[in-house]
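This document opens with one chain alone, in structure tokens, the form predicted on its own.
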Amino acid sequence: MGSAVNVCVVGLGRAGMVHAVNFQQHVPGAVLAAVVEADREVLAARAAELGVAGRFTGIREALDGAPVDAVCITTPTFTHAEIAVASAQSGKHVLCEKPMALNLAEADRMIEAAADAGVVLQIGFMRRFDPAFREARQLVADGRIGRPMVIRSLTRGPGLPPRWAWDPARSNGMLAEVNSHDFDTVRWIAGSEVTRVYAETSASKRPDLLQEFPGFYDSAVVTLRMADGALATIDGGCPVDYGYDARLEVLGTEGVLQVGELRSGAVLLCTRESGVQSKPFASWRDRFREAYINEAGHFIRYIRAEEQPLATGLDGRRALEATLAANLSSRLGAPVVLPLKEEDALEDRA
């Protein structure tokens, strides 16, 4: 094994703390060397909880003042490009949470900066590292269900993400914040690219947010046509309150496979009074705990050239492009053909 990789986690919200703890406790060869958090009170409390000495309020301060080899970005979407480009230009490897960026120009800047610097750019599509999803992908690749005809992927979040994400102009909406994983999963499982997108969205549960955040939606249904002729659907809802829900179904010419269920464990209770009862997953942290650890471990091994990349900047860009197309389709009330022109993507936030 090579020398340890010193990691700086940027952003100490929910996702940031998951990554920080994983790099600190669960990933061989990784050292949590520094953390960055703009909120000084949060920084003090969570850095103390983690026991990390390198504490900074800005990325450039950290890049100049901490001996780090890699940066893990978990800040709001509209900050990703600036942090990733600065980190790459400083010779740091980058693991960036989804969604990759706010627009295609930012995504291209990130990819170019990493390529120019010769550093790793990995996108946080943790489903690619979940044992069940990986098995499903292998079964499809091996032809066990024949050729994929219809793929259905869904993600539903129990509660709304932070307030900034309610504004589509700063987040690209719930399809980006919640369903980026689905857009990536569909093309990853299918082994084919998205060529056409049609989406319907609605603020069915929280219409009260529309006045302050025009364009807000809390539920969405998207249909996709793939280059190989397969069809796909993505549906999402946030907030749904009942729990965290992530599932996949692939209908092939020779069979069907399903991944995921609402129940969080093997215990199922049934009584005459209450009927059938089981506990749902409380959050994405519970459902994909192992996947996040595997993802972080892969990042370290990818840096050391011990493994081939499994979630690249191009993967992030393709998922972002499909997300932007879905938002634009919803606004126009018509299908949108890919590849997407940048000026068309920008129309969606006009």
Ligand SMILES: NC(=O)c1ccc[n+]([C@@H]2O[C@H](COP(=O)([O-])OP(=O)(O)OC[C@H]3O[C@@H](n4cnc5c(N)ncnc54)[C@H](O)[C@@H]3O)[C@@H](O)[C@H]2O)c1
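The first residue of the sequence shown is number 1, and the count goes up from there. This is a predicted model, so every value here is computed, not measured.
Beyond what is shown, the protein has a form predicted in complex with the named molecule; the following relates to that form.
Chemist: Decide if the three candidate residues T74, P162 and H181 all line the named molecule in the model of the complex, where lining means a heavy atom within 4.5 Å.
Modeler: Per the other structure, all of T74, P162 and H181 touch the named molecule.
Chemist: Specify the contacting stretch among 26-34, 284-292, 307-315, 61-69, defined as having any heavy atom within 4.5 Å of the named molecule in the model of the complex.
Modeler: Selected stretch: 284-292.
Chemist: At 4.5 Å between heavy atoms, is S219 in contact with the named molecule in the model of the complex?
Modeler: Looking in the model of the complex, residue contacts with the named molecule do not include S219, since no heavy atom lies within 4.5 Å.
Chemist: Heavy atom to heavy atom, is M126 within 4.5 Å of the named molecule in the model of the complex?
Modeler: M126 belongs to the contact set for the named molecule.
Chemist: Indicate whether the named molecule has at least one heavy atom within 4.5 Å of a heavy atom of A38 in the model of the complex.
Modeler: Answer yes; at least one heavy atom of A38 falls within 4.5 Å of the named molecule in the model of the complex.
Chemist: Does T79 make contact with the named molecule in the model of the complex, using a 4.5 Å heavy atom cut-off?
Modeler: Yes - in the model of the complex, heavy atoms of T79 and the named molecule come within 4.5 Å of each other.
Chemist: Go through C238, I83, A107, V94 and name the one with a heavy atom inside 4.5 Å of the named molecule in the model of the complex.
Modeler: The residue in contact is I83.
Chemist: Output the sequence-ordered list of residues from 12-38 with at least one heavy atom within 4.5 Å of the named molecule in the model of the complex.
Modeler: Contacts from 12-38: L12, G13, R14, A15, G16, V36, E37, A38.
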